[in-house]
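Take a look at this single chain in structure tokens; it is the form predicted on its own.
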């Protein structure tokens, strides 16, 4: 349900004075617009205000990033997991990974296939959450589903996961038909938002691995995201859908009244001996669709082998000794700079 706050309540949330909030209104063009104006004053959507305060660094809160590409096989999941492990293991951030992709690759990379099978059999995956929304049941247990201190790397702590399920494939086309609920409160794009709202801001970063489409499951991830990253191989097929992604997210952002920033494109599986890859990188560097991250991930066998779940001691051992770890660290620094200023 939508909550409203006045200027004095905004001041309490931001731990400042009402005069300072008034100054923000005048100074910043992107300050949220009032939802209603009555004799008592202006009232604002509380969620929009909190998100604005987070973006401006006025309050703490989880920095939430979705990873999207309409094409599979572009190292989207590897990039998500790599960033998560670096943020948690190297920079000491508390990180939550939400796996929305029915392929479950992100889940199995972090907890292994055997553990995933146990959770899936017991109903402790996001499949149960979306099934509840469709059938108006209450079977999903977020406490049981939330996997604490995951990762097969000994040096990585404070990395948690909400796992996906292969069964979510059967739900993707049905979510639009969820019952509207009391007072028309059920929104098919806010299923994840409701599930994590009580603890999302306990984390420094929330990373969301989205399916390779712009359907309702992906929109659930974008609904809680501050921004999104597009991993792509620099070739024709992988980059073809980038303008469509940006356009669709922009329209969705306008519809919900929340700013969702395109943080940029990250080039993956790059083969420098390929003239096509070199030529496409030159085009991406122009930034016509979105900014290109400086960090480039080259194609190599060890990055692919990193998807295997086995006990490992260090991040360098996990991601390899041929520059892959250094590139992940560089990428993590770029992301933190964009999100933390």
Ligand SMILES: Nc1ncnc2c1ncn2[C@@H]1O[C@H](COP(=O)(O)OP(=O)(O)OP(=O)(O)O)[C@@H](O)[C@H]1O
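Numbering follows the first chain given and starts at 1. Owing to the predicted nature of the structure, the values given are computational and were not obtained by experimental measurement.
Beyond what is shown, the protein has a form predicted in complex with this ligand; the following relates to that form.
Contact with this ligand in the predicted bound form, judged as any non-hydrogen atom within 4.5 angstroms, is confined among 144-152, 127-135, 76-84, 163-171 to 76-84. Using a 4.5 angstroms threshold between heavy atoms, residue 57 stays clear of this ligand in the predicted bound form.
Using a 4.5 angstroms threshold between heavy atoms, residue 295 stays clear of this ligand in the predicted bound form.
Contact between residue 103 and this ligand in the predicted bound form is found at the 4.5 Å heavy atom cutoff. Although the partner is absent here, residue 274 sits far enough away that none of its heavy atoms falls within 4.5 Å of this ligand in the predicted bound form. Only one of 123, 112, 188, 212 lies close to this ligand in the predicted bound form, with a heavy atom inside 4.5 Å, and it is 212. Just one of 315, 303, 62, 284 comes within 4.5 Å of this ligand in the predicted bound form, counting any heavy atom, and that one is 303. Contact residues in stretch 252-282 (any heavy atom within 4.5 Å of this ligand, taken in the predicted bound form) are limited to 269.
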